[in-house]
Every structure is written in C-alpha cells, then in structure tokens.
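Below you will find one chain, with nothing else, as structure tokens; this is the form predicted alone, and questions on how it binds or moves follow later.
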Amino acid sequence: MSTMNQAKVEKYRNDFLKEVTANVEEGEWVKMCMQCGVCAGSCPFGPYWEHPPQEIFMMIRAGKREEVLTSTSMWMCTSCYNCIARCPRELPITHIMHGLAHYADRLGLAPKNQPTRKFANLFWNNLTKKGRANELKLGIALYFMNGFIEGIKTALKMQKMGLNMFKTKRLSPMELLGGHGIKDTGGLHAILKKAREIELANAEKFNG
C-alpha cells in the first residue's frame, strides 16, 4: 500500500472512532477493548449476534462506519449486564451498544425491520408521554407493529392471557383513556428536551 493510501486509511479509521467517541454514550471506551471475547461468551444471545460486541468495537477502530451503523447487532442487547460484570477491563459494553443503536437510529441508518428496534421505539414513545409505561397501549402497539392482520392473529392467540390479566387487575381499560403518569410530566419533557439539545450540540461540534 502506498504512503498516500495508508494515510487515507488511517484518517478514515481515526475519524469514525472520534465520531463514536463524540456521539455515543461511553464511546471513548471502545479503544480499550482487548478482543478477548468474554462479552460474546457471556451473552445469552451470543450465538445470534450478527457481530458480537468485541467485533463491533474492532470494526469501529477499523473505520467500518456503514457496516457498524447498519448492523442489527446493537438491537440484540437485552441489558442483562453479563458482559459488563465479566469484562476484564470493566468496559460499559451494554451502554455502548445501546448508545450505538440510538445513534444509528438518529442518523436513519438503523435496520428498518429489526423487531427489537421496533419494540425499543414503541416502548420509548409510550414511556416518555407520561413517565410511566401504559401497558395496555404498549401491548396493543406491539401486537399490531407488523400490520393489522398480524395484530389480529396475535390478539386472538393471546386473548386468554389478556383476559386473565384483566381479571387480576394487571391491565385496566382506563389505560386506554390515558392511564397513570408521574406528577411532573412537564419536568420530564424538559429534561429530555435538554438532553436532546446537548446531544445535537455535541454532534454539531464534531461535524463542525
């Protein structure tokens, strides 16, 4: 490889690592990964990852921006924290994976039909309205997230469980009218708005 091409490769590699450091929660820890694979071996979903965490970190350092941000891997994390508990270098792996997922989603690069991505967005939108999850509305949204026909099929299949939840007061029809919320929803929304402003400011600082 010529000196010029080598310089281009190095610039690309460093730029994406800097981008992750600037825009992804705990992204500065990516460079600390020593590729031992304990995270993948500790994950209950380890065999199903497109790219296990240590491979994602290696790809970031190699400058593979598109491959990382369009990967389904970050959306496989269920926050069990096994990886963090067992990482020899105590990397905040769970936080990084969720941060990468959020960043990819914000950029519009996340895989569109990833089921766990759909669930994550539905849950977030449900939770942030009033600061508490409205389980009935969330459940209905999940049933129908793949279309009306699939939603009807799922509802029929789960009707016995749904009725039992109503009987034991785990679900209330009142949730359709709004349900419970925290006392200061305005304060919550202000916090989220400020967090978003800080996030965008950091992104502009990096891109500028």
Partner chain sequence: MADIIATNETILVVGGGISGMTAAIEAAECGKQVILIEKGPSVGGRVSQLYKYFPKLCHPTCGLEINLRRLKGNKNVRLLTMTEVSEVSGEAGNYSVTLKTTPRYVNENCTACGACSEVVDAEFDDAYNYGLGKRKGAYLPNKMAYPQRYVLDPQIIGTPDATKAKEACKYDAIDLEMQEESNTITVGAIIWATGWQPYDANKIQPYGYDRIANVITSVEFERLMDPHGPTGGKLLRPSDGKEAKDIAFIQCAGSRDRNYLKHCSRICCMASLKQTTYVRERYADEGKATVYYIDIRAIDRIDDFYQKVKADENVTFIKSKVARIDEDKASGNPILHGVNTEGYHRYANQHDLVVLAVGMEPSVAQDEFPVKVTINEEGFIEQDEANGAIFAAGCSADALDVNRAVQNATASALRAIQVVNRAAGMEG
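Residue numbers count along the first chain shown, from 1. What you see is a predicted model, and the numbers here were worked out from it, not measured in a lab. What we label the rigid core is the largest C-alpha set whose atoms superpose within 1.5 Å from one form to the other.
There is also a form predicted in complex with the partner chain; it is not shown, and the following applies to it.
Though the partner chain is absent from this view, in the predicted bound form it lies within 4.5 Å of a heavy atom of just one residue from Asn164, Ser172, Gln35, Thr70, which is Gln35. Remark: of stretches 72-80, 114-122, 129-137, 87-95, the one touching the partner chain in the predicted bound form is 87-95 (heavy atom within 4.5 Å). Shown alone here, Glu26 lies farther than 4.5 Å from the partner chain in the predicted bound form, counting heavy atoms only. When the partner chain is considered in the predicted bound form, Ala141 lies well away from it, no heavy atom lying within 4.5 Å. In the predicted bound form, the partner chain sits within 4.5 Å of a heavy atom of Gln54. When the partner chain is considered in the predicted bound form, Thr154 lies well away from it, no heavy atom lying within 4.5 Å. Residues of 100-135 that come within 4.5 Å of the partner chain in the predicted bound form, judged by any heavy atom, do not exist; none qualify. Once both forms are fitted on their rigid core, the CA atom of Val30 lies less than 2 Å apart between this form and the one not shown. Comparing the forms between this form and the one not shown, the C-alpha position of Met59 differs by less than 2 angstroms, with the core used for superposition. The Cα position of Trp124 differs by less than 2 Å between this form and the one not shown after fitting on the rigid core.
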